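Take a look at this single chain in structure tokens; it is the form predicted alone.
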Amino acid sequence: MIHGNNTLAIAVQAATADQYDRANALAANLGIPLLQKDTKEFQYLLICSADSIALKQTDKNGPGPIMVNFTGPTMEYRLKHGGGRSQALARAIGLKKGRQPSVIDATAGLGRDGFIMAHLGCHVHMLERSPILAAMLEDGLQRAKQAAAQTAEIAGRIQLTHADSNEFLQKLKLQDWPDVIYLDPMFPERTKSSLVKKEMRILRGLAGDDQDAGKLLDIALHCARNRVVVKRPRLAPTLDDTVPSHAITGKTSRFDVYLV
């Protein structure tokens, strides 16, 4: 996902007293307020707890908090039952026996697909332009590096940079071009999954839709060595008028593959 940030609508809060110093450091790093007591002044809160940095809406009728978690049951299940090299994502990025392409995940978001690609053996460079999500990703990766050996090994193949992907890719030198650039722009507002709906409602409210995704695709096509992969809802139109070389379609999503 490509993200902006509305710093006026968000503050940091410590979940418990022993997390105050950590919350204070996070607020200072992001340049947003540290909330000392509950208030309705802010629409979003970053909650610092012992095991996560979680993003939530303050509206009591809003969806629950979201976090980056590479060690929880959802990710564990996907790693175990995701299909390995035969899954659609692996085929889309051109993963083959003895070949693990280098990947720039230019719209890292909550980092799940990037973590899956690292699990499959790829070295993945995640880019995220929202400072809020970049902080959550950094927190999730640090916890993953302190987890069991296999999870720590996967996290060790991931590099994270807080940057606008359009600017970052345009500055890449030829020798640094990746084999694959992966794009997962904010999906149109359509889903039946309560989990996805919860996450998308929060992320869209905080960051808005990805109006510059077409521009990012054009830039990516000029600095990927092998291909650009764009994740789309299964029945959605292509990202722009550029026709993909082929597509790999699953039950709910589709990967448009642009060979270069």
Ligand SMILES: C[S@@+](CC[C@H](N)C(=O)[O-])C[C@H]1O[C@@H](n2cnc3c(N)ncnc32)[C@H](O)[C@@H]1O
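Residue numbers here begin at 1 and follow the sequence given. Note that the structure is a prediction, hence the values are computed from the model and not measured.
The protein also exists as the form predicted together with the ligand; that form is not presented, and the subsequent description refers to it.
- Contact check for Ile104: every heavy atom lies farther than 4.5 Å from the ligand in the predicted bound form.
- The ligand is not shown here, but in the predicted bound form it comes within 4.5 Å of a heavy atom of Gly111.
- By the criterion of a heavy atom within 4.5 Å, His119 is excluded from the residues contacting the ligand in the predicted bound form.
- Using a 4.5 angstroms limit between non-hydrogen atoms, Asp164 touches the ligand in the predicted bound form.
- None of Val230, Ala224, Leu46, Leu216 but one reaches within 4.5 angstroms of the ligand in the predicted bound form through a heavy atom, and that residue is Leu216.
- Taking Leu35, Ala54, Ala27, Met200 one by one, only a single residue has any non-hydrogen atom within 4.5 Å of the ligand in the predicted bound form, and it is Met200.
- Proximity to the ligand in the predicted bound form holds for none of Arg22, Ala135 and Gly140, with the criterion being a heavy atom within 4.5 Å.
- With the ligand omitted here, the record of contacts in the predicted bound form names 122 to 130 of 145 to 153, 173 to 181, 92 to 100, 122 to 130, defined by a heavy atom within 4.5 Å.
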